[in-house]
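A lone chain, given as structure tokens: the form predicted on its own.
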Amino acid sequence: MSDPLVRLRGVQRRFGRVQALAGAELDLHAGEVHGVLGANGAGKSTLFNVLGGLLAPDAGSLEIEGVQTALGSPRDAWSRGIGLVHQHFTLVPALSVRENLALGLRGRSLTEVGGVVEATMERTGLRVPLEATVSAIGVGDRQRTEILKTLLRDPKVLVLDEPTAVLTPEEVDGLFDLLRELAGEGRAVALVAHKLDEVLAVSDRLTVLRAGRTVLTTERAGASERALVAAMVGSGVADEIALGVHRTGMKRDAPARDPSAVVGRLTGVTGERLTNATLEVRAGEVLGVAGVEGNGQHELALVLAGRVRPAVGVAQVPDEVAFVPQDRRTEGLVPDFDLTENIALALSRLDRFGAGPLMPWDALEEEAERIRTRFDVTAPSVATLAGALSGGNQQRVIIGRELALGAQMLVAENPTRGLDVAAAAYVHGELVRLAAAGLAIVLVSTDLDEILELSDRVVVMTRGRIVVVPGNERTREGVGALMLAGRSQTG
């Protein structure tokens, strides 16, 4: 094998008391797609932020094309051909999608940018609404924009950090075809993902990080799912997870409440991206909501969660609805608050924390510690700022907080986005357990496997309307066809 385009050796990085990297190593070769795996908090994003010039390592070395290099900024990384698609979006919310894309193509007019962008969208199959402001589009369109922005600069080394979490299956397939094509042109491509089937489908080699260290590098041909999961989370946990297969056959106990009892009901709800939406959500069931982004599922989630009142129609939902939003950093957490403060945002109003005028901080801190422990949040203490956590650990905090509400209904948008295989399996198990206990759950997800495995009923949002999926069409092909019939209203 030829010398690598990128070589990272002994990379260390600490954030206060958190040792994010403890000697990580990685080689990226021209002509390959390299899959990078690891549990939440393993150091994947931190390692690539070092490569992208966003972070300076405390120790270790970086070589690019055989030359030892110190990167002082993202511009330094770009000048050396390093392109990074971030897990957390870096777009300017107040600007249009076209203007955000133009930021990476200095010296060109918006008209010139438009031509290049159209050609890139045609090549990749990733369509975005160019004139919409970023603040007005959903997470799927933001993810597509991030990918396009990086591709427009024609990098030698392309790093994608969790790019598939909010893409449709069709778009994921198209993206993987593109990654193979880019590698075939002599570029090095690194893909960070948690879904093993995706990584194994596209990668030539794989590296696993654990607790900030590289614990395995192997050719794809010599990698098994069992060995990869064991390297990520330990052999005992890998056996317990059973590679996620247990999700599909989990037997429920009899619901604690009458499953025919309606907990939430929408009647003729019409508004932004919703047209005559009529729906019942019942106790003891998981209702799956699928759809291509832009067809109204986010708006549906907001109405069901009681966050938005419909302009037309009637929404009857409980006073307290647990809600896992689509964007954890802007809708779920306050990054500059610590874990206790973020827990307090939802739980402090509950009767069990008292009704006095003063915040019951001791009790809230105990509850935050319980959530941190139960959901295995990688953080030194509940005094850790939420913004210092990895994306997956932020998601664990939100899910733990919302489940602690003890609400009658839970609305969850992509609840396992960014979670490692162990955490995703745990959340799936919790959803099944809670439904068996009588909780009404609305699962809005771009992961069709998740929808089909966990849901009692499935509906598809298409052009703002709710389409019930018949039992004989509850397959990837059947649901996918209904999704594509709607397409995106913003695309």
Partner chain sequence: MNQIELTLFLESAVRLGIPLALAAIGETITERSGVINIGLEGSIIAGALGGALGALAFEGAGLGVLSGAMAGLLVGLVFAVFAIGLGADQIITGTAVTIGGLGMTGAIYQARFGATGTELSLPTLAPVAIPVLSEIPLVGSALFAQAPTAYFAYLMAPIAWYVLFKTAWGLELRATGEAPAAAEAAGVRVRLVRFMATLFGGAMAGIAGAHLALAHAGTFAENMSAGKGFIAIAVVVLGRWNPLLVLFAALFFGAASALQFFLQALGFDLAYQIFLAFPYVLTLAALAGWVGKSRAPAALALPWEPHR
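Numbering follows the first chain given and starts at 1. Here the structure is a predicted model, which means the values were calculated and not measured.
Just so you know, the form predicted in complex with the partner chain exists too; it's not on screen, but the next bit is about it.
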In the predicted bound form, which of 433 to 441, 447 to 455, 25 to 33, 55 to 63 comes within 4.5 Å of the partner chain (heavy atoms)?
55 to 63
Is there a heavy atom of Ala94 lying 4.5 Å or less from a heavy atom of the partner chain in the predicted bound form?
yes
The partner chain contact in the predicted bound form: Gly72, any heavy atom under 4.5 Å
yes
Does any heavy atom of Thr90 come within 4.5 Å of a heavy atom of the partner chain in the predicted bound form?
yes
Check whether Phe176 has any heavy atom within 4.5 Å of a heavy atom of the partner chain in the predicted bound form, and answer yes or no.
no
Would you mind picking the one in Leu182, Leu110, Val116, Ala404 that has a heavy atom within 4.5 Å of the partner chain in the predicted bound form?
Leu110
Checked Asp204, Glu170, Asp376, Glu99 for heavy atoms within 4.5 Å of the partner chain in the predicted bound form; positive is Glu99
